[in-house]
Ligand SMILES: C[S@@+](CC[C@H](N)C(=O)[O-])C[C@H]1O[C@@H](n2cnc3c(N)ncnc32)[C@H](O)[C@@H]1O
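The data below hold one chain only, encoded as C-alpha coordinates and taken in the form predicted alone.
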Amino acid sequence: MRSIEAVSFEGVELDFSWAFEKENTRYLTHDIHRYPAKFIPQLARRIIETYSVPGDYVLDPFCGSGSALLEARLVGRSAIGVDINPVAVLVSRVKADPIPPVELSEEWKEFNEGTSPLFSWNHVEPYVIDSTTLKNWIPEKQLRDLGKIFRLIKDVENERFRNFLLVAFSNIQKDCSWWLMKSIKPCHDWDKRVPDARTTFIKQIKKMINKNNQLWETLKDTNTQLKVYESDARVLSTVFDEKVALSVFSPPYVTSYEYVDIHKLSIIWLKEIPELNDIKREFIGSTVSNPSDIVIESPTALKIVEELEKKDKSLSSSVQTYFQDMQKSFEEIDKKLLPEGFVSIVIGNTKLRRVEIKNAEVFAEMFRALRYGEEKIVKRPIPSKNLPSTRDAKTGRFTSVTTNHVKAYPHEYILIFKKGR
(Lines give C-alpha, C1' and ligand atoms only; values in the text may rest on other atoms or scores of the structure.)
Protein backbone atom coordinates (compact mmCIF):
# COMPACT_ATOMS: atom_id res chain seq x y z
CA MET A 1 0.00 0.00 0.00
CA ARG A 2 1.03 3.65 -0.40
CA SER A 3 -0.17 6.91 1.11
CA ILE A 4 -2.35 8.92 -1.24
CA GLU A 5 -4.12 12.25 -1.35
CA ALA A 6 -7.87 12.72 -1.14
CA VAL A 7 -9.73 12.79 -4.44
CA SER A 8 -12.90 14.62 -5.44
CA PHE A 9 -15.41 13.90 -8.20
CA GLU A 10 -17.47 17.05 -7.66
CA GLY A 11 -16.48 18.42 -11.05
CA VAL A 12 -17.55 15.33 -13.02
CA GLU A 13 -20.48 16.11 -15.31
CA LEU A 14 -23.51 13.86 -15.74
CA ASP A 15 -23.23 11.47 -18.68
CA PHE A 16 -26.72 10.71 -19.93
CA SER A 17 -25.47 8.03 -22.33
CA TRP A 18 -25.22 5.76 -19.27
CA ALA A 19 -28.79 6.36 -18.05
CA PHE A 20 -30.50 3.65 -20.19
CA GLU A 21 -33.81 5.21 -19.18
CA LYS A 22 -35.94 3.76 -21.99
CA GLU A 23 -34.23 0.38 -22.28
CA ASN A 24 -36.00 -2.91 -21.61
CA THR A 25 -34.36 -4.35 -18.51
CA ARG A 26 -36.66 -7.37 -18.17
CA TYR A 27 -35.65 -9.48 -21.16
CA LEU A 28 -34.77 -13.18 -20.96
CA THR A 29 -34.40 -14.24 -17.30
CA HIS A 30 -33.59 -10.80 -15.86
CA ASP A 31 -37.00 -10.57 -14.18
CA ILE A 32 -37.49 -14.06 -12.74
CA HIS A 33 -36.95 -12.82 -9.19
CA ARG A 34 -37.37 -9.52 -7.39
CA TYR A 35 -34.10 -8.03 -6.17
CA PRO A 36 -33.29 -4.51 -4.96
CA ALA A 37 -30.76 -2.32 -6.79
CA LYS A 38 -30.37 -4.66 -9.75
CA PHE A 39 -27.64 -3.96 -12.26
CA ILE A 40 -29.15 -2.45 -15.38
CA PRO A 41 -28.31 -5.17 -17.93
CA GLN A 42 -27.27 -2.68 -20.60
CA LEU A 43 -24.94 -0.95 -18.16
CA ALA A 44 -23.25 -4.20 -17.19
CA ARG A 45 -22.97 -5.27 -20.84
CA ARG A 46 -21.38 -1.98 -21.92
CA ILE A 47 -18.72 -2.29 -19.23
CA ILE A 48 -18.07 -5.97 -19.99
CA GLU A 49 -17.78 -5.46 -23.74
CA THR A 50 -15.47 -2.45 -23.30
CA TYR A 51 -13.06 -3.86 -20.74
CA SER A 52 -12.87 -7.57 -21.60
CA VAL A 53 -12.83 -9.79 -24.69
CA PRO A 54 -14.69 -13.02 -25.57
CA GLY A 55 -13.21 -15.96 -23.70
CA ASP A 56 -12.24 -13.91 -20.66
CA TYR A 57 -13.46 -14.61 -17.14
CA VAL A 58 -15.56 -11.83 -15.61
CA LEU A 59 -16.01 -11.67 -11.83
CA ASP A 60 -18.82 -10.12 -9.81
CA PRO A 61 -17.81 -10.52 -6.13
CA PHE A 62 -21.17 -9.09 -4.94
CA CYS A 63 -23.26 -10.75 -7.62
CA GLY A 64 -26.74 -10.07 -6.24
CA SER A 65 -29.33 -11.42 -8.66
CA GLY A 66 -26.67 -12.28 -11.27
CA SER A 67 -27.36 -9.62 -13.90
CA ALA A 68 -23.68 -9.05 -14.69
CA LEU A 69 -23.10 -12.82 -14.81
CA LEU A 70 -25.87 -13.30 -17.35
CA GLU A 71 -24.70 -10.38 -19.47
CA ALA A 72 -21.15 -11.73 -19.44
CA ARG A 73 -22.32 -15.05 -20.83
CA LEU A 74 -24.52 -13.36 -23.43
CA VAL A 75 -21.43 -11.66 -24.90
CA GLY A 76 -19.16 -14.69 -24.82
CA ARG A 77 -17.41 -14.36 -21.48
CA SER A 78 -17.36 -16.91 -18.67
CA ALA A 79 -18.68 -15.62 -15.38
CA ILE A 80 -17.81 -16.10 -11.72
CA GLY A 81 -20.16 -14.81 -9.04
CA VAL A 82 -19.77 -14.65 -5.27
CA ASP A 83 -22.29 -13.49 -2.70
CA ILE A 84 -22.86 -14.04 1.00
CA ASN A 85 -26.64 -13.83 0.57
CA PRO A 86 -28.10 -17.31 -0.10
CA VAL A 87 -30.98 -15.80 -2.06
CA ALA A 88 -28.52 -14.05 -4.38
CA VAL A 89 -26.58 -17.25 -5.00
CA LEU A 90 -29.72 -19.25 -5.72
CA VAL A 91 -31.17 -16.68 -8.12
CA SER A 92 -27.85 -16.16 -9.93
CA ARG A 93 -27.40 -19.88 -10.56
CA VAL A 94 -30.85 -20.23 -12.08
CA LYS A 95 -30.96 -16.90 -13.87
CA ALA A 96 -27.66 -17.26 -15.74
CA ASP A 97 -27.59 -21.01 -16.42
CA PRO A 98 -30.71 -22.32 -18.20
CA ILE A 99 -31.87 -25.93 -18.00
CA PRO A 100 -32.30 -27.73 -21.36
CA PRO A 101 -36.01 -27.31 -22.24
CA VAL A 102 -36.68 -31.03 -22.71
CA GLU A 103 -35.18 -31.83 -19.31
CA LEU A 104 -37.08 -28.99 -17.66
CA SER A 105 -40.38 -30.08 -19.22
CA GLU A 106 -39.92 -33.65 -18.03
CA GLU A 107 -38.94 -32.61 -14.52
CA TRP A 108 -41.87 -30.23 -14.20
CA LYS A 109 -44.31 -32.83 -15.46
CA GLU A 110 -43.06 -35.33 -12.88
CA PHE A 111 -43.18 -32.76 -10.10
CA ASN A 112 -46.62 -31.52 -11.05
CA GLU A 113 -48.26 -34.82 -11.92
CA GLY A 114 -45.98 -37.68 -10.91
CA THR A 115 -44.40 -39.08 -7.76
CA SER A 116 -44.65 -35.78 -5.87
CA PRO A 117 -47.96 -34.64 -7.35
CA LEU A 118 -49.61 -31.35 -6.73
CA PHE A 119 -52.92 -33.04 -7.65
CA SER A 120 -52.75 -35.00 -4.36
CA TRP A 121 -52.33 -31.71 -2.55
CA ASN A 122 -54.49 -32.63 0.43
CA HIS A 123 -52.21 -35.53 1.31
CA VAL A 124 -48.96 -33.55 1.40
CA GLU A 125 -47.63 -32.96 4.90
CA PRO A 126 -46.44 -29.35 5.26
CA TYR A 127 -42.81 -28.73 6.15
CA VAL A 128 -42.84 -26.66 9.33
CA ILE A 129 -40.24 -24.09 10.40
CA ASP A 130 -41.04 -22.79 13.86
CA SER A 131 -40.44 -19.15 12.99
CA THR A 132 -42.20 -16.26 14.65
CA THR A 133 -41.21 -14.11 11.67
CA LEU A 134 -43.01 -16.37 9.19
CA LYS A 135 -46.11 -16.46 11.40
CA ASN A 136 -46.10 -12.67 11.73
CA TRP A 137 -45.94 -12.13 7.99
CA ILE A 138 -47.79 -15.02 6.32
CA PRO A 139 -51.47 -15.92 6.88
CA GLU A 140 -52.07 -19.37 8.34
CA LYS A 141 -53.47 -20.96 5.18
CA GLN A 142 -50.75 -19.56 2.94
CA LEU A 143 -48.07 -20.61 5.42
CA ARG A 144 -49.42 -24.15 5.47
CA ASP A 145 -49.56 -24.28 1.67
CA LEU A 146 -46.05 -22.85 1.34
CA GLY A 147 -44.94 -25.57 3.74
CA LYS A 148 -46.46 -28.18 1.41
CA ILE A 149 -44.68 -26.72 -1.63
CA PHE A 150 -41.40 -26.60 0.28
CA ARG A 151 -41.84 -30.26 1.30
CA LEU A 152 -42.33 -31.27 -2.34
CA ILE A 153 -39.32 -29.23 -3.46
CA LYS A 154 -37.06 -30.81 -0.84
CA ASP A 155 -37.89 -34.26 -2.27
CA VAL A 156 -36.63 -33.33 -5.77
CA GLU A 157 -33.36 -35.12 -6.58
CA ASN A 158 -32.27 -33.06 -9.59
CA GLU A 159 -30.33 -30.18 -8.01
CA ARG A 160 -30.68 -27.76 -10.91
CA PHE A 161 -34.43 -28.31 -11.10
CA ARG A 162 -34.72 -28.10 -7.32
CA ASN A 163 -32.97 -24.71 -7.45
CA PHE A 164 -35.31 -23.65 -10.25
CA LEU A 165 -38.30 -24.47 -8.04
CA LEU A 166 -36.73 -22.70 -5.06
CA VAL A 167 -36.31 -19.48 -7.04
CA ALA A 168 -40.02 -19.55 -7.86
CA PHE A 169 -40.81 -20.36 -4.22
CA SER A 170 -38.63 -17.49 -3.01
CA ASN A 171 -40.12 -14.98 -5.40
CA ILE A 172 -43.72 -15.61 -4.28
CA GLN A 173 -42.99 -15.00 -0.59
CA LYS A 174 -43.84 -11.33 -0.93
CA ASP A 175 -47.02 -12.07 -2.91
CA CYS A 176 -48.25 -14.69 -0.43
CA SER A 177 -47.72 -12.64 2.70
CA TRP A 178 -48.95 -9.39 4.24
CA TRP A 179 -45.94 -7.62 2.75
CA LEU A 180 -46.93 -4.30 1.17
CA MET A 181 -46.34 -4.96 -2.51
CA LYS A 182 -45.16 -1.44 -3.40
CA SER A 183 -42.58 -1.47 -0.61
CA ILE A 184 -39.18 -3.15 -0.85
CA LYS A 185 -38.50 -2.77 2.86
CA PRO A 186 -40.67 -4.89 5.21
CA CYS A 187 -43.99 -3.14 5.69
CA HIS A 188 -47.28 -4.83 6.60
CA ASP A 189 -50.42 -4.40 4.55
CA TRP A 190 -53.12 -5.85 6.77
CA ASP A 191 -55.83 -5.08 4.19
CA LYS A 192 -54.08 -7.05 1.45
CA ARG A 193 -55.96 -9.88 -0.21
CA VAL A 194 -53.25 -12.51 0.00
CA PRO A 195 -53.47 -14.89 -2.99
CA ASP A 196 -53.51 -18.67 -2.95
CA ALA A 197 -49.92 -19.94 -2.63
CA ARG A 198 -50.22 -22.99 -4.90
CA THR A 199 -51.83 -21.02 -7.73
CA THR A 200 -49.25 -18.25 -7.41
CA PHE A 201 -46.41 -20.77 -7.41
CA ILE A 202 -47.61 -22.52 -10.57
CA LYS A 203 -48.05 -19.18 -12.34
CA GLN A 204 -44.49 -18.20 -11.42
CA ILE A 205 -43.13 -21.55 -12.64
CA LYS A 206 -44.82 -21.20 -16.02
CA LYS A 207 -43.34 -17.74 -16.46
CA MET A 208 -39.89 -19.02 -15.53
CA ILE A 209 -40.12 -21.98 -17.90
CA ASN A 210 -40.82 -19.63 -20.79
CA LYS A 211 -37.94 -17.36 -19.80
CA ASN A 212 -35.59 -20.30 -19.27
CA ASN A 213 -36.35 -21.70 -22.72
CA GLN A 214 -35.71 -18.35 -24.37
CA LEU A 215 -32.33 -18.11 -22.66
CA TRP A 216 -31.46 -21.69 -23.59
CA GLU A 217 -31.98 -20.91 -27.27
CA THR A 218 -29.77 -17.84 -26.90
CA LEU A 219 -26.92 -19.59 -25.08
CA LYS A 220 -27.11 -23.14 -26.46
CA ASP A 221 -24.07 -22.74 -28.74
CA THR A 222 -21.88 -20.87 -26.27
CA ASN A 223 -18.77 -22.36 -24.69
CA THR A 224 -18.93 -20.06 -21.69
CA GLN A 225 -19.07 -21.25 -18.09
CA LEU A 226 -20.87 -20.07 -14.98
CA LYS A 227 -19.61 -20.56 -11.44
CA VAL A 228 -21.47 -19.08 -8.46
CA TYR A 229 -20.28 -19.44 -4.87
CA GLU A 230 -21.99 -18.69 -1.57
CA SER A 231 -19.06 -17.05 0.13
CA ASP A 232 -17.59 -13.79 1.35
CA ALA A 233 -15.76 -11.25 -0.80
CA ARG A 234 -13.42 -10.68 2.14
CA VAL A 235 -11.94 -14.17 1.55
CA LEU A 236 -12.34 -14.16 -2.22
CA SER A 237 -8.88 -15.51 -3.04
CA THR A 238 -9.70 -18.76 -1.24
CA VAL A 239 -12.95 -19.35 -3.13
CA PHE A 240 -11.89 -20.17 -6.71
CA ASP A 241 -8.71 -20.75 -8.73
CA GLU A 242 -9.32 -18.84 -11.96
CA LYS A 243 -7.79 -15.44 -12.79
CA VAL A 244 -10.16 -12.84 -14.21
CA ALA A 245 -9.73 -10.07 -16.77
CA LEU A 246 -12.46 -7.87 -15.32
CA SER A 247 -14.24 -7.52 -12.01
CA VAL A 248 -17.47 -5.58 -12.35
CA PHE A 249 -19.80 -5.03 -9.42
CA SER A 250 -22.12 -2.78 -7.48
CA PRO A 251 -20.98 -3.25 -3.88
CA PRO A 252 -23.15 -3.19 -0.77
CA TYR A 253 -23.72 0.11 0.94
CA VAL A 254 -22.98 0.93 4.57
CA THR A 255 -26.21 -0.64 5.86
CA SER A 256 -25.80 -3.75 3.71
CA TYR A 257 -27.21 -6.02 6.41
CA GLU A 258 -30.59 -4.44 5.55
CA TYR A 259 -30.59 -6.88 2.63
CA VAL A 260 -31.29 -9.60 5.17
CA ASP A 261 -34.52 -7.83 6.12
CA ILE A 262 -35.51 -7.45 2.47
CA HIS A 263 -35.07 -11.20 1.87
CA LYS A 264 -35.90 -12.45 5.35
CA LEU A 265 -38.84 -14.69 4.44
CA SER A 266 -36.86 -16.47 1.72
CA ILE A 267 -33.73 -16.81 3.86
CA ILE A 268 -35.67 -18.42 6.73
CA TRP A 269 -36.98 -21.09 4.35
CA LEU A 270 -33.69 -21.64 2.52
CA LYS A 271 -31.60 -21.87 5.68
CA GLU A 272 -34.39 -23.56 7.69
CA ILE A 273 -33.75 -21.29 10.65
CA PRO A 274 -36.29 -19.52 12.88
CA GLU A 275 -34.63 -16.09 13.02
CA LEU A 276 -31.90 -14.10 11.26
CA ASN A 277 -29.62 -12.47 13.83
CA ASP A 278 -26.65 -14.74 13.10
CA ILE A 279 -27.02 -14.22 9.34
CA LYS A 280 -26.98 -10.44 9.76
CA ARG A 281 -23.67 -10.54 11.59
CA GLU A 282 -22.01 -12.10 8.56
CA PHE A 283 -22.80 -9.21 6.21
CA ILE A 284 -20.26 -6.52 5.37
CA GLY A 285 -20.33 -3.55 7.72
CA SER A 286 -22.23 -5.26 10.51
CA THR A 287 -19.37 -6.83 12.50
CA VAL A 288 -18.82 -3.89 14.83
CA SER A 289 -18.39 -6.27 17.77
CA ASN A 290 -15.28 -7.67 16.09
CA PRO A 291 -13.23 -4.62 15.09
CA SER A 292 -10.64 -5.12 12.38
CA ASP A 293 -6.99 -4.14 12.59
CA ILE A 294 -6.98 -3.06 8.94
CA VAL A 295 -5.61 0.45 8.47
CA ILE A 296 -7.97 2.30 6.13
CA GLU A 297 -6.04 3.58 3.10
CA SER A 298 -8.35 6.49 2.37
CA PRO A 299 -8.12 9.99 3.85
CA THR A 300 -11.73 10.65 2.84
CA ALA A 301 -12.91 7.56 4.72
CA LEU A 302 -10.99 8.56 7.84
CA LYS A 303 -12.54 12.03 7.72
CA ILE A 304 -16.05 10.55 7.37
CA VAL A 305 -15.51 8.27 10.37
CA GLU A 306 -14.19 11.21 12.41
CA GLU A 307 -17.17 13.42 11.56
CA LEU A 308 -19.66 10.66 12.39
CA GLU A 309 -17.99 9.97 15.73
CA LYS A 310 -18.96 13.47 16.87
CA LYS A 311 -22.63 12.62 16.25
CA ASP A 312 -23.04 8.89 16.80
CA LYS A 313 -20.17 6.70 18.00
CA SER A 314 -21.98 3.45 17.24
CA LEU A 315 -22.74 4.51 13.68
CA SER A 316 -19.19 5.77 13.26
CA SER A 317 -17.88 2.36 14.34
CA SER A 318 -20.20 0.62 11.88
CA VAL A 319 -19.04 2.83 9.01
CA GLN A 320 -15.41 2.27 9.93
CA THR A 321 -16.00 -1.48 9.86
CA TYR A 322 -17.73 -1.14 6.49
CA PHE A 323 -14.77 0.68 4.97
CA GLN A 324 -12.35 -1.87 6.44
CA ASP A 325 -14.45 -4.70 5.02
CA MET A 326 -14.57 -3.08 1.59
CA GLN A 327 -10.83 -2.47 1.56
CA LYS A 328 -10.24 -6.12 2.45
CA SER A 329 -12.57 -7.14 -0.38
CA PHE A 330 -10.66 -4.94 -2.84
CA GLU A 331 -7.38 -6.53 -1.78
CA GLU A 332 -8.90 -9.94 -2.44
CA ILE A 333 -10.17 -8.87 -5.86
CA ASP A 334 -6.68 -7.66 -6.70
CA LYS A 335 -5.31 -11.15 -6.00
CA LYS A 336 -7.66 -12.67 -8.59
CA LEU A 337 -7.19 -10.06 -11.33
CA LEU A 338 -4.86 -10.64 -14.27
CA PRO A 339 -2.00 -8.18 -14.87
CA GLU A 340 -3.40 -5.09 -16.59
CA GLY A 341 -6.93 -6.27 -15.78
CA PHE A 342 -9.79 -3.91 -15.01
CA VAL A 343 -12.07 -3.24 -12.07
CA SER A 344 -15.41 -1.48 -12.54
CA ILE A 345 -17.44 -0.29 -9.56
CA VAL A 346 -20.95 1.15 -9.75
CA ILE A 347 -21.61 3.05 -6.53
CA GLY A 348 -23.53 6.06 -5.24
CA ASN A 349 -22.82 8.48 -2.42
CA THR A 350 -25.30 9.01 0.38
CA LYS A 351 -25.63 10.60 3.83
CA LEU A 352 -25.76 9.37 7.41
CA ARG A 353 -26.55 11.78 10.24
CA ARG A 354 -26.16 14.55 7.67
CA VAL A 355 -22.60 13.47 7.00
CA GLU A 356 -21.91 12.81 3.31
CA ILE A 357 -20.65 9.28 2.74
CA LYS A 358 -18.45 9.68 -0.35
CA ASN A 359 -18.22 6.03 -1.30
CA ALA A 360 -16.94 6.76 -4.82
CA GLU A 361 -14.06 8.91 -3.60
CA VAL A 362 -13.20 6.46 -0.82
CA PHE A 363 -13.07 3.50 -3.20
CA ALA A 364 -10.98 5.45 -5.71
CA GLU A 365 -8.46 6.23 -2.98
CA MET A 366 -8.35 2.60 -1.91
CA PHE A 367 -7.60 1.44 -5.44
CA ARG A 368 -4.96 4.13 -5.85
CA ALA A 369 -3.33 2.70 -2.74
CA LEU A 370 -3.36 -0.70 -4.49
CA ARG A 371 -1.51 0.95 -7.42
CA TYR A 372 -4.44 1.05 -9.82
CA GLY A 373 -4.89 3.88 -12.28
CA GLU A 374 -8.20 5.59 -13.04
CA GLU A 375 -9.23 4.55 -16.55
CA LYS A 376 -12.58 6.32 -16.57
CA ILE A 377 -14.95 8.05 -14.13
CA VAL A 378 -18.61 8.31 -15.16
CA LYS A 379 -21.36 10.14 -13.29
CA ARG A 380 -24.65 8.65 -14.41
CA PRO A 381 -28.15 9.94 -13.59
CA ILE A 382 -30.53 7.44 -12.06
CA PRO A 383 -33.97 7.88 -13.66
CA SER A 384 -35.29 4.95 -11.65
CA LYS A 385 -33.87 2.24 -9.45
CA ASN A 386 -35.32 -0.70 -7.59
CA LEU A 387 -34.49 0.71 -4.17
CA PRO A 388 -36.51 2.71 -1.66
CA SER A 389 -36.27 6.24 -2.99
CA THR A 390 -35.71 7.99 0.31
CA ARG A 391 -33.56 7.72 3.42
CA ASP A 392 -34.39 9.02 6.87
CA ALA A 393 -32.47 12.27 7.22
CA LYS A 394 -31.38 11.41 10.75
CA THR A 395 -30.35 7.76 10.51
CA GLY A 396 -29.67 7.41 6.79
CA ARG A 397 -31.60 4.15 6.62
CA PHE A 398 -34.11 3.38 3.88
CA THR A 399 -37.61 4.53 4.76
CA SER A 400 -41.04 4.80 3.21
CA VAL A 401 -42.02 7.91 5.18
CA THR A 402 -42.73 11.04 3.17
CA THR A 403 -41.55 13.58 5.72
CA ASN A 404 -38.06 14.29 7.03
CA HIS A 405 -36.48 12.40 4.17
CA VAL A 406 -33.73 12.88 1.59
CA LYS A 407 -33.31 11.51 -1.91
CA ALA A 408 -31.19 8.38 -1.65
CA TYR A 409 -29.52 8.13 -5.06
CA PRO A 410 -30.03 11.03 -7.53
CA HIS A 411 -26.95 9.81 -9.39
CA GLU A 412 -24.17 7.28 -9.05
CA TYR A 413 -20.64 6.78 -10.27
CA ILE A 414 -19.07 4.22 -12.54
CA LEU A 415 -15.42 3.89 -11.59
CA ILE A 416 -13.05 2.08 -13.96
CA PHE A 417 -9.58 1.21 -12.71
CA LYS A 418 -6.70 -0.54 -14.46
CA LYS A 419 -4.27 -2.71 -12.57
CA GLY A 420 -0.58 -1.92 -12.58
CA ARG A 421 -0.61 1.76 -13.50
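Keep in mind the model is a prediction, meaning the values are calculated, not measured. So that there is no doubt, residue numbering starts at 1 and follows the sequence shown.
A second form of this protein, the form predicted in complex with the ligand, is not displayed here; the remarks below concern that form.
Heavy atoms of no residue among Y51, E71 and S247 are located within 4.5 Å of the ligand in the model of the complex. Only one of 348-356, 361-369, 374-382, 59-67 lies within 4.5 Å of the ligand in the model of the complex by heavy atoms, and it is 59-67.
The ligand in the model of the complex comes within 4.5 Å of no heavy atom belonging to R93. Contact check for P252: a heavy atom falls within 4.5 Å of the ligand in the model of the complex. The closest non-hydrogen atom of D97 lies beyond 4.5 Å of the ligand in the model of the complex. Remark: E282 counts among the residues lining the ligand in the model of the complex, judged by a heavy atom distance of 4.5 Å or less.
Just one of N85, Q142, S266, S344 comes within 4.5 Å of the ligand in the model of the complex, counting any heavy atom, and that one is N85. This chain lacks the partner; the member of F111, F164, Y259, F201 within 4.5 angstroms of the ligand in the model of the complex by a non-hydrogen atom is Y259. Shown without its partner, the chain has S231, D232, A233 in segment 215-233 as residues with a non-hydrogen atom within 4.5 angstroms of the ligand in the model of the complex.
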